[in-house]
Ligand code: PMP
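What follows is a single chain, given as structure tokens, in the form predicted on its own.
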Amino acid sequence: MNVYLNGKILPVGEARVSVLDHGFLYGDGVYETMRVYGGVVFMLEEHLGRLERSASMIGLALPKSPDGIKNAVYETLEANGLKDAYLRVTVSRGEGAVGLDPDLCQVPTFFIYAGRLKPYPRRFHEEGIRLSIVNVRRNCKEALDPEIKSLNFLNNILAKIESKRAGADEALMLNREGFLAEGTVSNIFFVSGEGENALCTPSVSCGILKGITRDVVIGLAGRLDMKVEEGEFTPGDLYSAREVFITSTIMEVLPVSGIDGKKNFSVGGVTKLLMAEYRKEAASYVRDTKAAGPSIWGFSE
């Protein structure tokens, strides 16, 4: 396996980051995880836009331009011979003396990891996964804005630990006010169980990361003439739902089979439809990207 580190492709066993790197010492940095279909990074522009936004929010200047990052991404994929993969772009504050002052670090550390995609088990898509609403609350925006996709992931890790102890596959966190927020690596959607058939998801104002897959799903639902409600929802709203699913770049659209052992769900028609439409959207994106060449979309067939 090869990785990209500060301008060089290196075997993973030779790649080294300083023990004084502030990403290691303090979680001071940002990242993006992306999915690759047929040699094409899905929604690459959107991911790079969010990476730049996260970096700006912590006062970190990216060491490469968007085109420079694109080239590095595809160079890493080619170095590993990967066409169906996941990759992660990580930018830390860089190496510096011990201390919290960002000015101690003069050069950011820039790292790309690419790995062969291991699909989720088929039963997860056919039957769904189990969620647990955990006691760990999502970081509030006034403390550490979840819109910053930062290296400081302890909030999510603590939620994951709690969900595993409960026998669940993913945690669902509430915000400080007790409204639904998001999972450790996912956004939550549900089909309301009362009145008009609406697709509901917590709004960004609830203190969530504005997921790129979340946005794609909302767009698909709109094109299918589904009513979409972004707002404040309680655990009770979720328990009374007809269908529930979660979304992320890697898992795409994944149905939920149960929550806290209090409510079980079948994989309903809305979920199945959006699962299929999302895959069509990804396939269309790949076709359009390749057809737009010449470009750096991937390496030779």
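Predicted model only: the values in this text are computed from it and were never measured. Residue positions are given as counts along the sequence shown, with the first one as 1.
The same protein also has a form predicted in complex with the ligand, omitted here; what follows describes it.
Listed stretches are 266-274, 22-30, 52-60, 242-250; the contact stretch with the ligand in the model of the complex is 242-250, by a heavy atom cutoff of 4.5 Å. Contact between K160 and the ligand in the model of the complex is not found at the 4.5 Å heavy atom cutoff. The shortest heavy atom separation between F124 and the ligand in the model of the complex exceeds 4.5 Å. Not displayed here, the ligand is kept clear of C200 by more than 4.5 Å at the level of heavy atoms in the model of the complex. The closest non-hydrogen atom of A72 lies beyond 4.5 Å of the ligand in the model of the complex. This chain is drawn without the ligand; in the model of the complex, the residue among S192, T76, N139, N156 with a heavy atom within 4.5 Å of it is N156. The single contact residue among I129, A85, A221, V185, judged by any heavy atom lying within 4.5 Å of the ligand in the model of the complex, is V185. Here the marked residues K149, L209 and T213 all reach the ligand in the model of the complex, each with a heavy atom within 4.5 angstroms.
Of the residues in 250-280, none comes within 4.5 Å of the ligand in the model of the complex through any heavy atom.
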